[in-house]
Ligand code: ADP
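The form predicted alone is given below as one chain in structure tokens.
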């Protein structure tokens, strides 16, 4: 059964689950914990999981409380603060008798090995029975509109998501189709829509929101076919107020599942219900989907999330550091925002790892520690450095025009950045002094030598200037 989030007239929201005593046998508990771990890994990503959650061990269930162990007090407190609600939500969906999670310090007693969860868990039983929540994805309470950092690359998608949350099934916004690369915020916006719809319910009427990945949709459809419960499956999904399907590209090549989704889609739209979908490409680019389905997907509002800019990445890091109550120097935030450009998950994972290292070893967060702790992440961004790139980066840093690198102007606000660029070109490239000089307005090699000497001298005299040059160097290298 899809997750049903309900809000009554008192403003409280929640998920109603059911459990059976058989859920608390030793083998079942081990299986449930294995699924919780798998979902945590999928939710936070490999880097963040390895940094914070890999050392979380299951110790047992006592009454309505699951007990997990961590090796140090710091890790216990951090994981409880940052991931406690998420772990509890996943536990409750696996075992409804678990109402809370207790975080303790120490090593748990030996337990049976957890099963291999290489394949996604499948639901069992009839759809009309109490829900088996491993068949659906949980809504993360951290993913709200308030915690979504808005910038130019995602502002349109954010505005569309807000509009749907305020007025579902509005003409022109049904379906809402969000698309973009991995880690750009599609899932965050989908969760935010669901929470907002529940919060905006009026008159005590429950708002039924079914949220799941396309993969889960397929597994549940296959299970309904096997158990001859397709009618229950159809009725259940077509009775919700809002259907949200994440990662629709997974349905490519699954013709029977596409057929069922198409009919569910039509039934909900005809009934005035809202549909929200995400994918890695726009409907027109999802080759492998039936033409009639692609056409229907594109008939509402299509909004893309572009690759993040430096400004947006910096804002995301700044907001996360603020929420965590951690003081991270702006130079470090700038370094991370410029170096890690692949996606937001890797960016946030890098910050979490850096903060953890600083706390565990009682060290200050500096550019040096960032380079040391994140060497493997930074190595993935290795590339050859050109003099043109050095010039561009230096001009951005000092807010001057690229043409000034080759101009004859000798004003200090121009000459000093030019000398810095020459110094970095000597350090970071294999170009000869005459070659470097030619890139700076055909200057003589002695001019480059003087620039290198002068910058070395200033680095020894001015700590702030030395830090600026070091920041530029680290942004360009690795």
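Residue numbers count along the first chain shown, from 1. Just so it is clear, the model here is predicted, and its values are computed rather than measured.
One more form of this protein exists, namely the form predicted in complex with this ligand; it is left out here, but the text below deals with it.
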### Summary
Among 396-404, 168-176, 227-235, 343-351, the stretch whose residues bring a heavy atom within 4.5 Å of this ligand in the model of the complex is 343-351
## Note on the structure
Residue within 4.5 Å of this ligand in the model of the complex by heavy atom, from 105, 141, 359, 147, is 147
### Summary
Contact with this ligand in the model of the complex, heavy atom within 4.5 Å, among 320, 254, 76, 216 goes to 320
### Query
Quick one: does residue 220 come within 4.5 Å of this ligand in the model of the complex, counting heavy atoms only?
no
### Query
Looking in the model of the complex, any heavy atom of residue 188 within 4.5 Å of this ligand?
yes
### Message
Please determine whether residue 71 contacts this ligand in the model of the complex, using a 4.5 Å cut-off between heavy atoms.
### Response
no
#### Entry: residue 276, heavy atom within 4.5 angstroms of this ligand in the model of the complex
no
### Task
Check each residue of 167-184 against this ligand in the model of the complex and list those with a heavy atom within 4.5 Å, in sequence order.
181, 182, 183, 184
